[in-house]
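Read the single chain below, which is given as structure tokens and is the form predicted alone.
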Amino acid sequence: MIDLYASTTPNVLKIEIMLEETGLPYRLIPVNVWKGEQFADGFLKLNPNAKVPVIVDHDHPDGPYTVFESAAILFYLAEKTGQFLPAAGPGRHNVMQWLVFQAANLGPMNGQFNHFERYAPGGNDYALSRYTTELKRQYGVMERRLSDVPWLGGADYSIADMAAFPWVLVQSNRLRETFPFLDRDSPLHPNIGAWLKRCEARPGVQRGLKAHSALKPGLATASSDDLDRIFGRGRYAYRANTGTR
């Protein structure tokens, strides 16, 4: 059995999809990140970086084994099952490159874009423009890749697709009217739109989406102090003149 510590984020959805695709038994353990449950001592023992997702694999041969960071979890589960990652050679390296592309580029840029689009106070026009422009550029990178191959890693569906799919889907659902380049049906990236449909057609993806829908969002219950803590602002912010937060 695998425990998946989860909230309603695209990074958690990646892991739900992988677990459903591989058929590994798992249970969801909700973590209300908006109320700061990820900062509790017990959770920090699982992930010192205080973020979800985290898995605990109770079937590891050496006893329960914990993995954090969504890309590392995908890699771990791929190696555990021998699925969705080629064993060697250029095919393996291609998948790893595009997995890292999502973890180092597409995911963080989406995160920063979301913050300045949704949560930041006014007066941050430069920051929002910066991250919107970079995110749009990255969609161009994916579009060009998917004009050459059906899946991000190449000929076969892989953990690279599982990593990118949730972000593209969620952003289209939430912001396609305000930011048309995020629309899954945008004429700017027809290959991304076709790829998204191929992902959605997979039964494992459909099961992952269903599992994810059972998680309850906690934003509505967050206090101003809760929001300050998760975003590192207010009394939690670093103070340059004192060297403390």
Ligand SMILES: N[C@@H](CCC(=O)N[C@@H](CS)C(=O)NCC(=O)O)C(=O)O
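For every residue, the number given is its place in the sequence shown, counted from 1. This structure is a prediction, so every number in the text was calculated from the model and none was measured.
One more form of this protein should be noted, the form predicted in complex with this ligand, which is absent from this view; the next part is about it.
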### Query
Does the 4.5 Å heavy atom contact test between residue 198 and this ligand in the model of the complex come out positive?
no
### Message
Even though the partner isn't displayed, in the model of the complex is residue 69 close enough to this ligand, meaning a heavy atom within 4.5 Å?
### Response
yes
### Query
Is residue 202 close enough to touch this ligand in the model of the complex, meaning at least one heavy atom pair within 4.5 Å?
no
### Task
With heavy atoms only and a cut-off of 4.5 Å, decide whether residue 60 touches this ligand in the model of the complex.
no
### Query
Has each of 110, 172 and 184 got a heavy atom lying within 4.5 angstroms of this ligand in the model of the complex?
no
### Message
By the heavy atom within 4.5 Å rule, which residue out of 50, 219, 56, 29 makes contact with this ligand in the model of the complex?
### Response
50
### Message
Tell me which stretch of 131 to 139, 151 to 159, 86 to 94, 69 to 77 has a heavy atom within 4.5 angstroms of this ligand in the model of the complex.
### Response
69 to 77
### Query
Is any part of 143 to 182 within 4.5 angstroms of this ligand in the model of the complex by a non-hydrogen atom, and which residues would that be?
none
